[in-house]
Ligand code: ADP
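Single chain ahead, by itself, as structure tokens, in the form predicted on its own.
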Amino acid sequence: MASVELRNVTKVYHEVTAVHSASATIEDKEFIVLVGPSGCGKSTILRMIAGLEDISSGQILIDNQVVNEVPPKDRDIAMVFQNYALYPHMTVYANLAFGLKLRKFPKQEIDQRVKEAASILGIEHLLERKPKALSGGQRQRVAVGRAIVRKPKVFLFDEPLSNLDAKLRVQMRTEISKLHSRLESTMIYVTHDQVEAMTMGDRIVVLRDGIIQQIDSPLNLYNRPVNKFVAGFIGSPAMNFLNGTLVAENGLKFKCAQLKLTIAEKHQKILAKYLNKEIVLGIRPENLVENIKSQRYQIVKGNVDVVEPMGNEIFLYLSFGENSVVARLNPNTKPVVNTEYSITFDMDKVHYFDPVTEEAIYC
């Protein structure tokens, strides 16, 4: 296996910069996920690593060797595409063996590798079928198997689960994670689904408009986002944001329309420079809880706009004048639409952001 390094990699299409000076190091045997909204440049980065796109400037290194001018077939990588890219006229066995035949592997070794990959993925019984006779999940396994037989230095996945239904997507997510553990290989995985990113990646690269925003572990991204974009992108439902002002009233308070929240004592010293200035408060839906009487929890009342039962929890949408939040509550709660309801802000779990730069204010 091998490490992959991006050094100030930029990609320009017809005067439009798709990737801005991206730098990152993917360690040997690491599973790293590139995540971000559509058009953020994540697939472009993957294709540049694969050699399917030329880079405009910078360097890409695989196993400490610069590969800018190395053809895709000589980079020792394997890529799994969103649309599976199987040959419809070939059997599963022939699809798995095709790349090895092109490289003139001995027939016996091809047979051994194909059967080994089929065994790993549980598709031994499908080897004589053609793609049209397979389900979406089975086709995805074949596409992954075609990468496995190559035994490449690096596996690249370009949104491989986006064509599957929700249940199968969860199942395949688990299968790919197991595969990484079994093969101990370097894997780079692209998705727009932050749940996939959080559950699969050793580390996550968050992109926006071709710029890397943060590279970190899932837990650090969740607890210590570097800016408002990362905070809002990671987590489902998304973090709530309220724009307000810090005022001095028996300590510091966050004032926003009819809301007035006392800043946690441990945050007050850092936030003092924002006194009488605007600031953005962020709080995750899971940190808006049922009524708790404690100094760190503050009860507020809002109007119930929407109640979404999710089975094991309820998403409750509350409004406070022009401001609104969503809370994740116990399924036994019974809020009624268009009535007043009280929830509690856990002020120890609140995040703060500069309203101009949108960078996090670490407290």
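One-based numbering along the sequence shown. These numbers come from a predicted model, not from an experiment.
Beyond what is shown, the protein has a form predicted in complex with this ligand; the following relates to that form.
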{"property": "Proximity to this ligand in the predicted bound form, single hit among N64, S38, N332, N312 (heavy atom within 4.5 Å)", "result": "S38"}
{"property": "Contact stretch among 40 to 48, 316 to 324, 24 to 32, 302 to 310 - heavy atom within 4.5 Å of this ligand in the predicted bound form", "result": "40 to 48"}
{"property": "Non-hydrogen atom contact V350 with this ligand in the predicted bound form at 4.5 angstroms", "result": "no"}
{"property": "Stretch 15 to 30 - residues with a heavy atom within 4.5 Å of this ligand in the predicted bound form", "result": "V16, A18"}
